[in-house]
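Have a look below at one chain only, the form predicted alone, in C-alpha coordinates format.
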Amino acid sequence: MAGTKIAETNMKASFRDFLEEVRPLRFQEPLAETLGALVDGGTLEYRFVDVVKMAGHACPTVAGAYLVCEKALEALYPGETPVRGELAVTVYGEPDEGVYGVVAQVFSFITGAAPATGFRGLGHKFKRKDLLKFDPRKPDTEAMSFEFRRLDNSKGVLVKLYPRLIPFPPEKAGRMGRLMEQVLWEAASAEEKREFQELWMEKVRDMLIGRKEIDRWLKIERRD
(Lines give C-alpha, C1' and ligand atoms only; values in the text may rest on other atoms or scores of the structure.)
Protein backbone atom coordinates (compact mmCIF):
# COMPACT_ATOMS: atom_id res chain seq x y z
CA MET A 1 0.00 0.00 0.00
CA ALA A 2 2.80 2.40 0.89
CA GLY A 3 4.48 1.72 -2.43
CA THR A 4 1.24 2.44 -4.27
CA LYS A 5 0.83 5.77 -2.48
CA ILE A 6 4.41 6.78 -3.34
CA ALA A 7 3.83 5.89 -7.00
CA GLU A 8 0.61 7.90 -7.08
CA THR A 9 2.39 10.89 -5.54
CA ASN A 10 5.18 10.69 -8.09
CA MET A 11 2.63 10.58 -10.93
CA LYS A 12 0.80 13.69 -9.76
CA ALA A 13 1.50 16.81 -11.82
CA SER A 14 3.56 19.44 -10.02
CA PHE A 15 2.60 22.94 -11.10
CA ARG A 16 4.15 26.24 -10.15
CA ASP A 17 2.38 27.64 -7.11
CA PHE A 18 0.94 30.69 -8.85
CA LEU A 19 -0.82 28.53 -11.46
CA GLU A 20 -2.76 26.88 -8.64
CA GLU A 21 -3.69 30.30 -7.21
CA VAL A 22 -5.61 31.59 -10.26
CA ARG A 23 -9.29 32.10 -9.43
CA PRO A 24 -11.34 29.15 -10.73
CA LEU A 25 -14.40 29.44 -12.97
CA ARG A 26 -17.52 27.66 -11.70
CA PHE A 27 -20.47 26.42 -13.73
CA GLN A 28 -23.80 24.71 -13.46
CA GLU A 29 -23.72 21.76 -15.86
CA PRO A 30 -27.28 20.49 -16.56
CA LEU A 31 -26.06 17.74 -18.91
CA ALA A 32 -23.82 16.23 -16.22
CA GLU A 33 -26.70 16.44 -13.73
CA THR A 34 -29.17 14.83 -16.12
CA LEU A 35 -26.90 11.88 -16.84
CA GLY A 36 -25.93 11.44 -13.21
CA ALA A 37 -22.26 12.37 -13.17
CA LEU A 38 -22.95 15.47 -11.10
CA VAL A 39 -25.12 15.43 -7.98
CA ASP A 40 -28.19 17.70 -8.25
CA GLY A 41 -27.25 21.26 -7.34
CA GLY A 42 -23.54 20.60 -7.71
CA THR A 43 -21.21 22.78 -9.76
CA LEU A 44 -18.21 22.15 -11.95
CA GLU A 45 -15.00 24.04 -11.22
CA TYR A 46 -12.52 24.78 -13.99
CA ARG A 47 -9.11 25.88 -12.76
CA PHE A 48 -6.32 27.33 -14.84
CA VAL A 49 -4.25 24.19 -14.24
CA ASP A 50 -7.08 22.22 -15.86
CA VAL A 51 -6.66 24.36 -18.96
CA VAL A 52 -2.89 23.75 -18.82
CA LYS A 53 -3.59 20.00 -18.81
CA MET A 54 -5.88 20.39 -21.83
CA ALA A 55 -3.47 22.59 -23.80
CA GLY A 56 -0.32 20.84 -22.61
CA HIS A 57 1.35 24.10 -21.62
CA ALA A 58 0.89 27.56 -20.12
CA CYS A 59 1.62 30.62 -22.21
CA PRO A 60 0.35 34.19 -22.71
CA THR A 61 -2.14 32.95 -25.31
CA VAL A 62 -3.68 30.34 -23.00
CA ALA A 63 -3.65 32.82 -20.10
CA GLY A 64 -5.31 35.45 -22.28
CA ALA A 65 -8.03 33.02 -23.37
CA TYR A 66 -8.76 32.12 -19.74
CA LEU A 67 -9.03 35.79 -18.78
CA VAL A 68 -11.31 36.51 -21.76
CA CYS A 69 -13.67 33.77 -20.51
CA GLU A 70 -13.54 35.15 -16.99
CA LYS A 71 -14.35 38.67 -18.19
CA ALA A 72 -17.25 37.49 -20.36
CA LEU A 73 -18.76 35.32 -17.63
CA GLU A 74 -18.59 38.10 -15.05
CA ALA A 75 -20.46 40.44 -17.39
CA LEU A 76 -23.08 37.95 -18.58
CA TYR A 77 -23.83 36.31 -15.23
CA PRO A 78 -23.56 39.02 -12.54
CA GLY A 79 -24.32 37.41 -9.20
CA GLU A 80 -25.16 34.11 -10.90
CA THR A 81 -23.39 30.84 -11.57
CA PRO A 82 -22.86 30.50 -15.34
CA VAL A 83 -24.51 27.57 -17.12
CA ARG A 84 -22.08 25.49 -19.16
CA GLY A 85 -23.43 24.60 -22.59
CA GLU A 86 -25.71 27.64 -22.79
CA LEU A 87 -23.23 30.03 -24.36
CA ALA A 88 -22.60 30.66 -28.04
CA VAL A 89 -19.09 31.90 -28.86
CA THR A 90 -17.86 33.64 -31.99
CA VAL A 91 -14.14 33.87 -32.62
CA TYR A 92 -13.39 36.72 -35.01
CA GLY A 93 -10.59 35.02 -36.92
CA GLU A 94 -9.87 31.90 -38.93
CA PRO A 95 -9.19 28.58 -37.14
CA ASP A 96 -5.72 28.31 -38.71
CA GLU A 97 -4.90 32.01 -38.34
CA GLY A 98 -2.31 32.83 -35.72
CA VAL A 99 -3.36 31.46 -32.32
CA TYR A 100 -7.14 31.69 -32.84
CA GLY A 101 -7.41 27.90 -32.96
CA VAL A 102 -5.67 27.53 -29.60
CA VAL A 103 -7.86 30.20 -28.03
CA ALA A 104 -10.97 28.50 -29.39
CA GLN A 105 -9.94 25.20 -27.78
CA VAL A 106 -9.73 26.92 -24.41
CA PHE A 107 -13.17 28.50 -24.91
CA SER A 108 -14.69 25.17 -25.88
CA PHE A 109 -13.12 23.34 -22.94
CA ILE A 110 -14.37 25.89 -20.42
CA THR A 111 -17.79 26.87 -21.76
CA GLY A 112 -18.83 23.69 -23.56
CA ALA A 113 -19.46 25.61 -26.80
CA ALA A 114 -18.18 23.33 -29.57
CA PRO A 115 -17.55 23.54 -33.33
CA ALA A 116 -19.10 21.18 -35.90
CA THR A 117 -17.49 18.19 -34.18
CA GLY A 118 -19.34 18.81 -30.89
CA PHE A 119 -22.08 16.93 -29.07
CA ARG A 120 -25.37 16.89 -30.99
CA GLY A 121 -27.51 16.83 -27.87
CA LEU A 122 -30.15 14.59 -26.35
CA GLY A 123 -33.44 15.11 -28.13
CA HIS A 124 -34.04 18.86 -28.15
CA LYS A 125 -31.66 19.61 -25.25
CA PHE A 126 -27.96 19.98 -24.47
CA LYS A 127 -26.72 20.59 -27.99
CA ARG A 128 -23.11 21.82 -28.02
CA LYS A 129 -22.43 21.37 -31.74
CA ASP A 130 -21.96 24.61 -33.70
CA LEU A 131 -22.08 26.83 -30.60
CA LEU A 132 -18.50 27.88 -31.34
CA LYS A 133 -17.98 29.52 -34.72
CA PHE A 134 -15.22 31.39 -36.52
CA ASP A 135 -15.84 34.64 -38.39
CA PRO A 136 -13.02 36.18 -40.48
CA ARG A 137 -14.30 39.72 -39.93
CA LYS A 138 -12.35 41.89 -37.50
CA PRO A 139 -14.40 44.27 -35.30
CA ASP A 140 -11.11 45.84 -34.19
CA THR A 141 -8.00 45.38 -36.34
CA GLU A 142 -5.73 46.00 -33.34
CA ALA A 143 -7.36 43.38 -31.12
CA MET A 144 -8.32 39.74 -30.96
CA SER A 145 -12.10 39.91 -30.63
CA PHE A 146 -14.56 37.35 -29.26
CA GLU A 147 -18.31 37.43 -28.78
CA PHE A 148 -20.05 35.46 -26.00
CA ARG A 149 -23.85 35.25 -26.02
CA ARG A 150 -26.26 33.59 -23.59
CA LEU A 151 -28.76 31.27 -25.25
CA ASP A 152 -31.46 31.78 -22.63
CA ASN A 153 -31.80 35.57 -22.89
CA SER A 154 -29.66 36.48 -25.94
CA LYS A 155 -27.52 38.92 -23.94
CA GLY A 156 -24.04 39.20 -25.37
CA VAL A 157 -20.66 40.82 -24.91
CA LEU A 158 -17.68 41.46 -27.15
CA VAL A 159 -14.33 40.93 -25.42
CA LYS A 160 -11.22 42.43 -26.97
CA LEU A 161 -7.72 41.25 -26.16
CA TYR A 162 -4.78 43.46 -27.17
CA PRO A 163 -1.68 41.21 -26.88
CA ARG A 164 0.73 43.99 -27.87
CA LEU A 165 -0.42 46.14 -24.96
CA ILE A 166 0.31 43.51 -22.30
CA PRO A 167 3.18 45.10 -20.34
CA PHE A 168 6.50 43.27 -20.30
CA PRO A 169 9.94 44.94 -20.27
CA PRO A 170 11.43 45.02 -23.80
CA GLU A 171 14.80 43.81 -22.58
CA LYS A 172 13.19 40.78 -20.97
CA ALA A 173 11.09 40.09 -24.07
CA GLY A 174 14.20 40.26 -26.26
CA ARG A 175 16.19 38.00 -23.95
CA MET A 176 13.29 35.54 -23.78
CA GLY A 177 13.08 35.38 -27.58
CA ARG A 178 16.79 34.68 -27.96
CA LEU A 179 16.72 32.01 -25.27
CA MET A 180 13.66 30.35 -26.81
CA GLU A 181 15.52 29.87 -30.08
CA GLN A 182 18.42 28.23 -28.25
CA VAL A 183 16.07 26.00 -26.26
CA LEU A 184 14.16 24.89 -29.35
CA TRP A 185 17.41 24.05 -31.15
CA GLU A 186 18.66 22.24 -28.03
CA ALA A 187 21.61 24.62 -27.90
CA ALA A 188 20.81 26.09 -24.47
CA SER A 189 22.65 25.18 -21.31
CA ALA A 190 20.69 23.97 -18.29
CA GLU A 191 21.05 27.44 -16.75
CA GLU A 192 19.83 29.15 -19.94
CA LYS A 193 16.86 26.80 -20.11
CA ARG A 194 15.91 27.67 -16.54
CA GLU A 195 16.31 31.39 -17.29
CA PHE A 196 14.02 31.06 -20.31
CA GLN A 197 11.40 29.21 -18.30
CA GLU A 198 11.50 31.84 -15.53
CA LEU A 199 11.01 34.68 -18.03
CA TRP A 200 8.21 32.81 -19.80
CA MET A 201 6.39 32.08 -16.57
CA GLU A 202 6.96 35.65 -15.35
CA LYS A 203 4.85 37.01 -18.20
CA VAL A 204 2.13 34.40 -17.59
CA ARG A 205 2.15 35.23 -13.87
CA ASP A 206 1.96 38.96 -14.57
CA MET A 207 -1.17 38.38 -16.65
CA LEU A 208 -2.98 35.96 -14.36
CA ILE A 209 -1.94 37.24 -10.93
CA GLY A 210 -0.50 40.74 -11.32
CA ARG A 211 -2.98 41.88 -13.99
CA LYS A 212 -1.01 45.06 -14.45
CA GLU A 213 -2.83 47.60 -16.67
CA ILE A 214 -5.39 44.91 -17.54
CA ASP A 215 -8.02 47.49 -18.44
CA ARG A 216 -5.76 48.61 -21.30
CA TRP A 217 -5.28 45.18 -22.86
CA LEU A 218 -8.56 43.44 -22.03
CA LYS A 219 -11.76 45.33 -22.81
CA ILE A 220 -15.44 44.43 -22.97
CA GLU A 221 -18.46 45.85 -24.77
CA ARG A 222 -22.15 45.02 -24.51
CA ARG A 223 -23.72 43.40 -27.59
CA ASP A 224 -27.38 43.29 -26.48
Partner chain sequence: MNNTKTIDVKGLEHAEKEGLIFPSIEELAGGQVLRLIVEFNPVPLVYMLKARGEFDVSFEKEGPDEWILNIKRKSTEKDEKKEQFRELLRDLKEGDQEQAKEKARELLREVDATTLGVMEQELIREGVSHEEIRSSLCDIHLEVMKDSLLAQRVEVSAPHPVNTLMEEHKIILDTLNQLGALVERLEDTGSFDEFGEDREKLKDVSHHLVEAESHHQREEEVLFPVLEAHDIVEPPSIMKMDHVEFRKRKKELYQLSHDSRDIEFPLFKARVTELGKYLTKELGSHIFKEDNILYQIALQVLNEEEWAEVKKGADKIGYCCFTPQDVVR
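Keep in mind the model is a prediction, meaning the values are calculated, not measured. Residue numbers count along the first chain shown, from 1.
Form predicted in complex with the partner chain: not shown, discussed below.
Of the candidate stretches 148-156, 95-103, 108-116, 76-84, only 95-103 has residues whose heavy atoms lie within 4.5 Å of the partner chain in the predicted bound form. Residue contact with the partner chain in the predicted bound form: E186 places a heavy atom within 4.5 Å of it. Although the partner is absent here, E33 sits far enough away that none of its heavy atoms falls within 4.5 Å of the partner chain in the predicted bound form. Taking the partner from elsewhere, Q197 is found to have every heavy atom lying beyond 4.5 Å of the partner chain in the predicted bound form. Using a 4.5 angstroms threshold between heavy atoms, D50 stays clear of the partner chain in the predicted bound form. Contacts of stretch 203-224 with the partner chain in the predicted bound form, defined by any heavy atom lying within 4.5 Å, are made by none of its residues.
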